[in-house]
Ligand SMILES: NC(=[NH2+])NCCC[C@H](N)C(=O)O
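One chain is shown next in C-alpha coordinates, namely the form predicted on its own.
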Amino acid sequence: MRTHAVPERTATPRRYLMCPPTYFEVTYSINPWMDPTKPVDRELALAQWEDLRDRYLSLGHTVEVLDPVPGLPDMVFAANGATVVDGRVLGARFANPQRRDEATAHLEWFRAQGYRDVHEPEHVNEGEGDFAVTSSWLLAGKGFRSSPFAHAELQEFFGRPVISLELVDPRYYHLDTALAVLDGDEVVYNPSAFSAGSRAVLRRLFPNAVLATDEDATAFGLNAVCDGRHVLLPQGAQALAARLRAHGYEPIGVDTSELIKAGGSVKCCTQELRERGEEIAVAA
(Lines give C-alpha, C1' and ligand atoms only; values in the text may rest on other atoms or scores of the structure.)
Protein backbone atom coordinates (compact mmCIF):
# COMPACT_ATOMS: atom_id res chain seq x y z
CA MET A 1 0.00 0.00 0.00
CA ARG A 2 1.32 3.42 -0.95
CA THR A 3 1.84 5.82 1.95
CA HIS A 4 2.33 9.56 1.94
CA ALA A 5 5.57 10.88 3.39
CA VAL A 6 5.18 13.19 6.38
CA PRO A 7 6.87 16.50 5.55
CA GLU A 8 9.82 17.63 7.64
CA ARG A 9 8.89 20.83 9.45
CA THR A 10 11.28 23.65 10.24
CA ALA A 11 10.86 26.14 13.05
CA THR A 12 11.76 29.79 12.48
CA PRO A 13 12.44 32.31 15.25
CA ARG A 14 9.49 34.55 16.01
CA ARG A 15 8.97 37.70 18.03
CA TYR A 16 5.92 37.88 20.24
CA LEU A 17 4.21 40.47 22.43
CA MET A 18 2.63 39.27 25.69
CA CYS A 19 1.04 40.94 28.71
CA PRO A 20 1.08 39.32 32.18
CA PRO A 21 -2.28 38.70 33.89
CA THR A 22 -1.45 40.93 36.84
CA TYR A 23 -5.00 42.23 37.06
CA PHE A 24 -6.73 39.20 35.60
CA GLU A 25 -10.27 38.50 36.82
CA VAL A 26 -13.70 37.68 35.43
CA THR A 27 -16.16 40.31 36.66
CA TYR A 28 -18.25 40.66 33.49
CA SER A 29 -19.33 38.42 30.62
CA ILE A 30 -18.69 39.37 27.00
CA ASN A 31 -18.41 35.84 25.59
CA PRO A 32 -20.06 32.48 26.39
CA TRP A 33 -17.04 31.24 28.36
CA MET A 34 -17.00 34.03 30.95
CA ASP A 35 -18.91 33.37 34.18
CA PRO A 36 -18.39 36.01 36.89
CA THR A 37 -19.80 33.62 39.51
CA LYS A 38 -16.82 31.26 39.11
CA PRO A 39 -13.72 32.21 41.12
CA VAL A 40 -10.46 32.97 39.34
CA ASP A 41 -7.05 32.08 40.78
CA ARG A 42 -4.86 34.99 39.68
CA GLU A 43 -1.65 33.41 40.96
CA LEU A 44 -2.35 30.27 38.95
CA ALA A 45 -3.17 32.36 35.87
CA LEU A 46 0.17 34.14 36.23
CA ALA A 47 2.04 30.83 36.65
CA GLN A 48 0.38 29.47 33.50
CA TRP A 49 1.22 32.64 31.59
CA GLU A 50 4.85 32.47 32.74
CA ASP A 51 5.05 28.84 31.64
CA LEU A 52 3.82 29.79 28.16
CA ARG A 53 6.32 32.65 27.95
CA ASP A 54 9.16 30.40 29.10
CA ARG A 55 8.27 27.78 26.50
CA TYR A 56 8.56 30.39 23.76
CA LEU A 57 11.95 31.45 25.09
CA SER A 58 13.15 27.83 25.31
CA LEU A 59 12.25 27.38 21.62
CA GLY A 60 14.45 30.34 20.67
CA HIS A 61 11.72 32.96 20.26
CA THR A 62 11.77 36.53 21.56
CA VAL A 63 9.05 37.74 23.93
CA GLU A 64 8.39 41.43 24.45
CA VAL A 65 6.24 42.41 27.43
CA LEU A 66 3.42 44.94 27.47
CA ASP A 67 2.84 46.40 30.94
CA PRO A 68 -0.65 45.60 32.26
CA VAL A 69 -3.00 48.39 33.24
CA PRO A 70 -5.19 48.31 36.39
CA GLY A 71 -8.85 47.93 35.55
CA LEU A 72 -8.21 46.09 32.28
CA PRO A 73 -8.37 42.40 33.28
CA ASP A 74 -8.42 41.11 29.68
CA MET A 75 -5.13 42.75 28.68
CA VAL A 76 -3.50 39.34 29.11
CA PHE A 77 -5.08 38.53 25.75
CA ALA A 78 -2.48 40.59 23.91
CA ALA A 79 -3.33 39.15 20.50
CA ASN A 80 -6.43 41.34 20.39
CA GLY A 81 -4.58 44.66 20.63
CA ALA A 82 -3.18 45.03 17.09
CA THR A 83 -2.13 43.30 13.89
CA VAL A 84 1.48 43.67 12.72
CA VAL A 85 2.63 42.80 9.19
CA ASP A 86 5.92 43.91 7.62
CA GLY A 87 6.58 46.18 10.59
CA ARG A 88 3.33 48.10 10.02
CA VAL A 89 0.81 48.25 12.85
CA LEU A 90 -2.96 48.29 12.51
CA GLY A 91 -4.36 49.03 15.94
CA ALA A 92 -7.54 47.60 17.42
CA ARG A 93 -10.92 49.13 18.13
CA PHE A 94 -12.77 46.93 20.60
CA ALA A 95 -16.47 46.14 20.30
CA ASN A 96 -17.11 46.04 24.06
CA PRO A 97 -16.58 49.09 26.30
CA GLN A 98 -14.87 46.98 28.97
CA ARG A 99 -11.87 46.49 26.67
CA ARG A 100 -11.68 49.73 24.70
CA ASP A 101 -8.85 51.29 26.70
CA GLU A 102 -6.61 48.32 25.82
CA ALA A 103 -6.31 49.70 22.28
CA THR A 104 -4.67 52.88 23.57
CA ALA A 105 -2.17 50.93 25.67
CA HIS A 106 -1.12 48.89 22.64
CA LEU A 107 -0.73 51.91 20.36
CA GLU A 108 1.36 53.69 22.99
CA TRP A 109 3.64 50.65 23.29
CA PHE A 110 4.27 50.45 19.55
CA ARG A 111 5.00 54.16 19.27
CA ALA A 112 7.34 54.02 22.27
CA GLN A 113 9.19 51.13 20.61
CA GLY A 114 9.83 53.24 17.52
CA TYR A 115 7.30 51.77 15.10
CA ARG A 116 6.75 54.52 12.56
CA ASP A 117 3.74 53.25 10.63
CA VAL A 118 1.01 52.89 13.25
CA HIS A 119 -2.63 53.26 12.18
CA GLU A 120 -5.54 53.84 14.56
CA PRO A 121 -8.50 52.12 12.88
CA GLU A 122 -11.82 53.67 11.99
CA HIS A 123 -13.80 50.43 12.22
CA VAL A 124 -14.12 47.81 14.94
CA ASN A 125 -11.51 45.09 14.76
CA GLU A 126 -10.04 43.00 17.55
CA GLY A 127 -6.56 42.47 16.20
CA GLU A 128 -5.33 38.94 15.77
CA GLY A 129 -8.45 37.72 17.49
CA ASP A 130 -10.16 38.06 14.11
CA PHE A 131 -7.23 38.54 11.71
CA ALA A 132 -4.86 35.71 10.72
CA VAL A 133 -1.86 36.02 8.41
CA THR A 134 -0.84 33.35 5.89
CA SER A 135 1.80 33.64 3.19
CA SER A 136 -0.79 34.57 0.56
CA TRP A 137 -3.76 36.07 2.40
CA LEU A 138 -5.09 37.92 5.38
CA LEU A 139 -7.98 35.91 6.81
CA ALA A 140 -10.58 38.07 8.53
CA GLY A 141 -13.38 36.88 10.78
CA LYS A 142 -16.73 38.60 11.20
CA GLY A 143 -20.07 37.86 12.77
CA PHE A 144 -19.56 38.60 16.47
CA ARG A 145 -16.81 41.15 17.09
CA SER A 146 -14.95 42.68 14.15
CA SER A 147 -16.90 44.77 11.67
CA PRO A 148 -16.96 43.68 8.01
CA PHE A 149 -15.98 47.28 7.21
CA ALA A 150 -12.72 46.60 9.02
CA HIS A 151 -11.83 44.02 6.36
CA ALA A 152 -11.58 46.69 3.67
CA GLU A 153 -9.53 48.83 6.06
CA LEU A 154 -7.23 45.86 6.66
CA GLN A 155 -6.67 45.28 2.96
CA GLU A 156 -6.11 48.96 2.20
CA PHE A 157 -3.58 49.39 4.99
CA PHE A 158 -1.50 46.27 4.40
CA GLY A 159 -1.99 45.96 0.64
CA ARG A 160 -2.63 42.23 0.88
CA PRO A 161 -5.72 40.31 -0.28
CA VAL A 162 -8.25 39.80 2.50
CA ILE A 163 -10.52 36.76 2.73
CA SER A 164 -13.67 37.43 4.76
CA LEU A 165 -14.94 34.49 6.81
CA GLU A 166 -18.30 34.40 8.57
CA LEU A 167 -18.35 32.94 12.09
CA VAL A 168 -21.72 31.45 13.09
CA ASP A 169 -21.25 29.85 16.53
CA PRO A 170 -21.06 32.28 19.48
CA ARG A 171 -18.69 29.93 21.30
CA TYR A 172 -16.17 30.72 18.58
CA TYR A 173 -16.64 34.46 18.69
CA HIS A 174 -13.16 35.22 17.35
CA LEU A 175 -11.45 33.69 14.33
CA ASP A 176 -8.58 32.52 16.54
CA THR A 177 -10.94 30.15 18.36
CA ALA A 178 -11.93 28.51 15.07
CA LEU A 179 -8.78 28.58 12.91
CA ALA A 180 -5.02 28.67 13.37
CA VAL A 181 -2.27 29.32 10.83
CA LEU A 182 0.36 26.59 10.93
CA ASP A 183 2.99 27.44 8.34
CA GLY A 184 2.91 29.38 5.09
CA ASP A 185 -0.54 28.73 3.64
CA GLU A 186 -1.25 25.74 5.87
CA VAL A 187 -4.03 26.04 8.43
CA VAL A 188 -6.09 24.01 10.85
CA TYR A 189 -9.75 24.91 11.33
CA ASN A 190 -13.11 23.76 12.67
CA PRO A 191 -15.60 23.70 9.76
CA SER A 192 -18.68 23.91 12.00
CA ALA A 193 -17.63 27.35 13.25
CA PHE A 194 -18.16 28.89 9.78
CA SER A 195 -21.06 29.63 7.45
CA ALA A 196 -21.62 27.34 4.47
CA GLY A 197 -20.12 29.87 2.07
CA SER A 198 -17.04 30.39 4.24
CA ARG A 199 -16.55 26.63 4.54
CA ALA A 200 -16.55 26.43 0.75
CA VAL A 201 -13.96 29.20 0.55
CA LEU A 202 -11.75 27.48 3.10
CA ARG A 203 -11.96 24.17 1.21
CA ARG A 204 -10.96 25.94 -2.01
CA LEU A 205 -8.06 27.88 -0.49
CA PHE A 206 -6.80 25.17 1.85
CA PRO A 207 -7.62 21.76 0.35
CA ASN A 208 -4.97 20.09 2.52
CA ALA A 209 -5.91 21.79 5.78
CA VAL A 210 -5.95 19.89 9.05
CA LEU A 211 -9.61 19.66 10.05
CA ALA A 212 -10.65 20.01 13.66
CA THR A 213 -13.82 18.94 15.44
CA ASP A 214 -16.13 20.69 17.88
CA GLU A 215 -14.45 18.70 20.63
CA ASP A 216 -11.09 20.15 19.59
CA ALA A 217 -12.53 23.65 19.45
CA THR A 218 -14.26 23.53 22.84
CA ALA A 219 -10.89 22.52 24.32
CA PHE A 220 -9.56 25.73 22.70
CA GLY A 221 -7.29 23.61 20.50
CA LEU A 222 -7.58 26.10 17.63
CA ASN A 223 -6.32 28.89 19.88
CA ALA A 224 -2.79 27.78 19.05
CA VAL A 225 0.54 29.24 17.95
CA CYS A 226 2.87 27.56 15.44
CA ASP A 227 6.44 28.50 14.56
CA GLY A 228 6.51 26.27 11.49
CA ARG A 229 7.27 23.13 13.45
CA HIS A 230 6.11 23.39 17.05
CA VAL A 231 2.43 23.95 17.78
CA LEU A 232 1.70 25.26 21.24
CA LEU A 233 -1.89 24.52 22.18
CA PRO A 234 -3.96 23.74 25.30
CA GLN A 235 -3.01 20.41 26.80
CA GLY A 236 -6.65 19.28 26.79
CA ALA A 237 -6.77 19.20 22.97
CA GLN A 238 -5.14 15.79 22.77
CA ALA A 239 -7.03 14.48 19.75
CA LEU A 240 -6.07 17.53 17.73
CA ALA A 241 -2.47 17.20 18.90
CA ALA A 242 -2.38 13.66 17.53
CA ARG A 243 -3.77 14.86 14.19
CA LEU A 244 -1.16 17.61 13.98
CA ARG A 245 1.59 15.13 14.80
CA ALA A 246 0.43 12.95 11.91
CA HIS A 247 0.97 15.96 9.63
CA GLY A 248 4.57 16.36 10.76
CA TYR A 249 4.09 19.04 13.41
CA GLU A 250 5.35 18.80 16.97
CA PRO A 251 2.50 19.70 19.34
CA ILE A 252 3.34 21.04 22.79
CA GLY A 253 0.53 20.96 25.31
CA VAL A 254 0.28 23.93 27.67
CA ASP A 255 -1.96 24.31 30.72
CA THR A 256 -4.08 27.44 30.24
CA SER A 257 -7.09 26.26 32.23
CA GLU A 258 -7.34 29.42 34.35
CA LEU A 259 -7.12 31.75 31.37
CA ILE A 260 -9.76 29.76 29.49
CA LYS A 261 -12.24 30.93 32.14
CA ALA A 262 -12.18 34.28 30.31
CA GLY A 263 -12.42 32.71 26.86
CA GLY A 264 -8.79 32.74 25.79
CA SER A 265 -5.78 30.46 25.60
CA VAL A 266 -2.37 30.26 23.90
CA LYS A 267 -3.02 32.41 20.83
CA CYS A 268 -5.09 34.97 22.69
CA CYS A 269 -2.08 35.58 24.92
CA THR A 270 0.31 35.93 21.99
CA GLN A 271 0.53 38.73 19.44
CA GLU A 272 3.05 38.10 16.66
CA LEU A 273 5.34 40.98 15.71
CA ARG A 274 5.94 40.38 12.01
CA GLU A 275 8.48 42.90 10.92
CA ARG A 276 11.12 44.09 8.51
CA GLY A 277 14.10 45.29 10.48
CA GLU A 278 14.54 48.43 8.38
CA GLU A 279 10.98 49.52 9.15
CA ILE A 280 11.50 49.72 12.89
CA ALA A 281 13.62 52.37 14.56
CA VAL A 282 14.76 51.10 17.95
CA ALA A 283 13.75 53.53 20.66
CA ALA A 284 16.63 55.18 22.51
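Remember, it's a predicted structure, so these values are computed and weren't measured experimentally. Position 1 is the first residue in the sequence shown; the rest follow in order.
Note that the form predicted together with the named molecule isn't included here; everything after this is about it.
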Study note, to complete from the structure: Exactly one of 30, 46, 59, 40 comes within 4.5 Å of the named molecule in the model of the complex through a heavy atom, and that residue is 30
Exercise for review: Report the stretch among 188 to 196, 167 to 175, 201 to 209, 149 to 157 that approaches the named molecule in the model of the complex to within 4.5 Å, counting heavy atoms only.
Suggested key: 167 to 175
Practice item. Spell out, yes or no, whether the shortest heavy atom distance between residue 263 and the named molecule in the model of the complex is within 4.5 Å. Key: yes
Review point. Looking at the partner-bound form in the model of the complex, is residue 129 within 4.5 Å of the named molecule by any heavy atom?
Key: yes
Exercise for review: Although the named molecule is absent from this view, report whether residue 34 comes within 4.5 Å of it in the model of the complex, heavy atoms only.
Suggested key: yes
Practice item. Answer with yes or no whether residue 268 is in contact with the named molecule in the model of the complex, where contact means some heavy atom within 4.5 Å. Key: yes
